[in-house]
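Below, in structure tokens: the form predicted alone, a single chain.
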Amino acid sequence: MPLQLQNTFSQTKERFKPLSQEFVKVYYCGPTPYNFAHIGNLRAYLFSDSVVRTLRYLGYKVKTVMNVTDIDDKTIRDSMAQGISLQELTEKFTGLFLEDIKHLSIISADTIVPISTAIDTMVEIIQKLLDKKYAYIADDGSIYYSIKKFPKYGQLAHLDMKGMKSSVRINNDEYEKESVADFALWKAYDTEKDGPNFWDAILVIDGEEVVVKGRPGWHIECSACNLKHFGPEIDIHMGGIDNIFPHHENEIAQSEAYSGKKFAKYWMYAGHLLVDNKKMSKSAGNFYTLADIVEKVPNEKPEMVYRGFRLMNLQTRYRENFNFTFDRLGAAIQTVKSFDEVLRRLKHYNAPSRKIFRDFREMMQQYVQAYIECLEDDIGTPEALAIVFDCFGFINSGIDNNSFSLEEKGAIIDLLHSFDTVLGLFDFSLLDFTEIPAEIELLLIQRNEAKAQKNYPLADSLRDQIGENGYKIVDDKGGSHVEKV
């Protein structure tokens, strides 16, 4: 079936039809780099990664853009409090964010845009909004968007405008979800709040060129990134569910007022991340970064924690709230280890060479088709994983029964590579040949001989010697072999 996506704007599942056959334009809101990303932030990027990987797996050419909100109330506040430049603060935490997403095997956006590089485009948008009377200058010198001029305001968030709190205007980048008000496109310079951080917007107002000293508001930044790198229309806009209102609602208002065109065709969102079924917060003591959860699981290698956390997210529908617990993380890590064990078994499986049987070929095709159908149903990663689990059972059974040929073993490995195009979970380095030292191989032979002679004390002693040298013995139906620990 064709790809179906849940569009938040229409509140329905729609067939995906890109604007152009050339490539799909995908945008997602990036970090505000004033501190470490928490695991709730990272859930949104794992979701975006699944969507982009799926589109590419299904054959779409995709271009992705992500902003970095390096100009913001919080980045300015914290840089001034720490006595460092805004650039120094934001580059530090942007780098740490990029390390986190790399740990989680999240594919970076093709284009990553610090919004400080798009000031000219913001000024261009603001000028046109002033010309078209969608924007106005307030008494304090700030420039605001007049939401009453945009009749479609509130359609993305499906707001009941009568039930919302109303105020004349709001200058803060973030504000109460219940508030509806004109929002700042450009903030007049405030010596106390902004310190050394300001830009000059050169605008034509009432026929005269005016320099407005200040900085952009939050919402104009994403509109400018999209316009600069994609033009006025995009296919998919993604983010965490908290971005729907006011951020994305305001994005639509200013972008469509500027261009007169529909800004984004599909809007997709990741559900909230909870911890032990509670909202994550520092005051509740359940606020975690990626480094925090690694520290909380000291008996596991960090790489295993990263893969376990990625798997946990894939096991939950992206639109649903995701409940993080350390018990669930532990279970996910054990599942990842079971994946690794299958790859190790494949590596050491000595298969005879013969043609691929028809039944085997049909089984492989059924797995691929079922996997694709799950993903085509609104990026159904939990259902796709169920197909993968079934496939691993099939693989283990075939290895146990010595029923695969060398060619079929190769087809299985190709299938797992195909699955992992979307999942990003498997460690294929486990299939690489590792030369075992001759003295370790000799110890294994001696241990197997002792075991065959039922000299179990000697067999155990030789096993311990192998372990002391950093290797372990793996016994299965195909025989015994050693692996580097």
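Quantities reported herein were computed from a predicted structural model and do not represent experimental measurements. Take the two forms, find the largest set of C-alpha atoms that superpose within 1.5 Å, and that set is the rigid core. Start at 1 with the first residue shown and count on from there.
Here the subject shifts to the form predicted together with a small molecule, a form of this protein not shown in this document.
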Exercise. Only one of 440 to 448, 55 to 63, 34 to 42, 412 to 420 gets a heavy atom within 4.5 Å of the small molecule in the model of the complex; which is it?
Worked result: 34 to 42
For this session: Report yes if any heavy atom of Ala253 sits within 4.5 Å of a heavy atom of the small molecule in the model of the complex; otherwise report no.
Result: no
For this session: Answer yes if any heavy atom of Met280 is within 4.5 Å of a heavy atom of the small molecule in the model of the complex; otherwise answer no.
Result: yes
Exercise. Would Arg344 count as a contact of the small molecule in the model of the complex, using a 4.5 angstroms cut-off between non-hydrogen atoms?
Worked result: no
Exercise. Would Asn243 count as touching the small molecule in the model of the complex under a 4.5 Å heavy atom rule?
Worked result: yes
For this session: Identify, from the list His103, Lys228, Lys265, His272, the residue with a heavy atom within 4.5 Å of the small molecule in the model of the complex.
Result: His272
For this session: Please check if Ser353 moves between this form and the one not shown, taking a CA shift of 2 Å or more relative to the superposed core as movement.
Result: no
For this session: Using a rigid core alignment, state whether the CA of Asn277 is displaced by 2 Å or more between this form and the one not shown.
Result: yes
